[in-house]
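We begin with a single chain expressed as structure tokens, specifically the form predicted alone.
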């Protein structure tokens, strides 16, 4: 039986409450050992672990991007605060959280404050359902891929609400660009995901990873990978698809009127979404936490090996995103939408056809044979 992260949280909760219950008299001690209270504290511990892990990795992604962009631009990047600039992001975060947040006089208060908060919270929610290794979750959610994509698609609504409520024309233009861009690229993303589901036979991310035991899907489903990565770049609003911000044209786009802690929410949520996008690429196309079978077994037999290889793959995918940012210029809005509707959708439909052919053939000369569909 595989020990999951929630099992660890439940064990910590039970041990803590049992220890406290033995030192309290009568009914108080009995109340602390109630199964409902143990479950509630376990859920809090589970959420705290996820929050800590996601925030630490997000901060490391920002540092990683700064250093990579520095190398691409023939400079050092962040280097003065902490060893190799590792504490620079903490200093920047402290600065932003200490600043006052001023709401524009004519802005709608409800939308102005709830937009960034909802954008941040929904970005964090996805980490509760993404499997990071075989011992991360118990697989009790059979539609984890569908649920993750649904939560990921909430962003256009919150961005548009934040832009509209700011009562700023630059913000409104950025919000409209963002909504048009995200809707245009969500369609090919979902169709490309269908190609993976056709081959894997399941919407469960753990099953999709297990189906890649013979070969990873990036090879036979390379077209779906290209469509998915392109769509994710647009969803994350990264160069060359950063039209909603476009600081040279719209000051700072849909978050022009935000500063201090609310601006920090937007920044963190953007990198959280970049982390989620990288994780989804690894889960769907790069074998998740597994390694090819021809590699030595010792590489996957030590403790936490799955999490280690998974995070290495994730950072490599994010490094590709940074490489694209450093290499390509921003496209125009009409070009972006034309590519989304007229190029990405036909390519994603073609990827489904190739996936159906792969399922019918079952075996490829170079890659090998697919395992039984759906793990059956």
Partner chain sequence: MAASAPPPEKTEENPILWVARPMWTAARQFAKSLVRPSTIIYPFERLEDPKFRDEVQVASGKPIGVGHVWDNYRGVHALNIATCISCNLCAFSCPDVCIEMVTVPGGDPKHPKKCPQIDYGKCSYCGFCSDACPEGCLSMTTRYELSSPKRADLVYSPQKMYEVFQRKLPMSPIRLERPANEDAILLDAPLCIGCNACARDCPTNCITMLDIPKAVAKPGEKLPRRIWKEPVVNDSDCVRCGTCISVCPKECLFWGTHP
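Positions refer to the first chain, counted from 1. Source: prediction; values computed, not measured.
The next section is about a form of this same protein that is not shown, the form predicted in complex with the partner chain.
- Remark: residue 180 counts among the residues lining the partner chain in the model of the complex, judged by a heavy atom distance of 4.5 Å or less.
- Proximity of residue 39 to the partner chain in the model of the complex falls outside the 4.5 Å heavy atom cutoff.
- Although the partner is absent from this view, residue 98 stays clear of the partner chain in the model of the complex, with no non-hydrogen atom inside 4.5 angstroms.
- Residue contact with the partner chain in the model of the complex: residue 261 places no heavy atom within 4.5 Å of it.
- A single residue from the set 194, 79, 299, 143 has any heavy atom within 4.5 angstroms of the partner chain in the model of the complex; that residue is 79.
- Of the candidate stretches 319 to 327, 304 to 312, 345 to 353, 52 to 60, only 319 to 327 contains residues with a heavy atom within 4.5 Å of the partner chain in the model of the complex.
- Residues are counted as partner-facing when one of their heavy atoms sits within 4.5 Å of the partner chain in the model of the complex; in 55 to 91 these are 68, 71, 72, 74, 75, 76, 79, 80, in sequence order.
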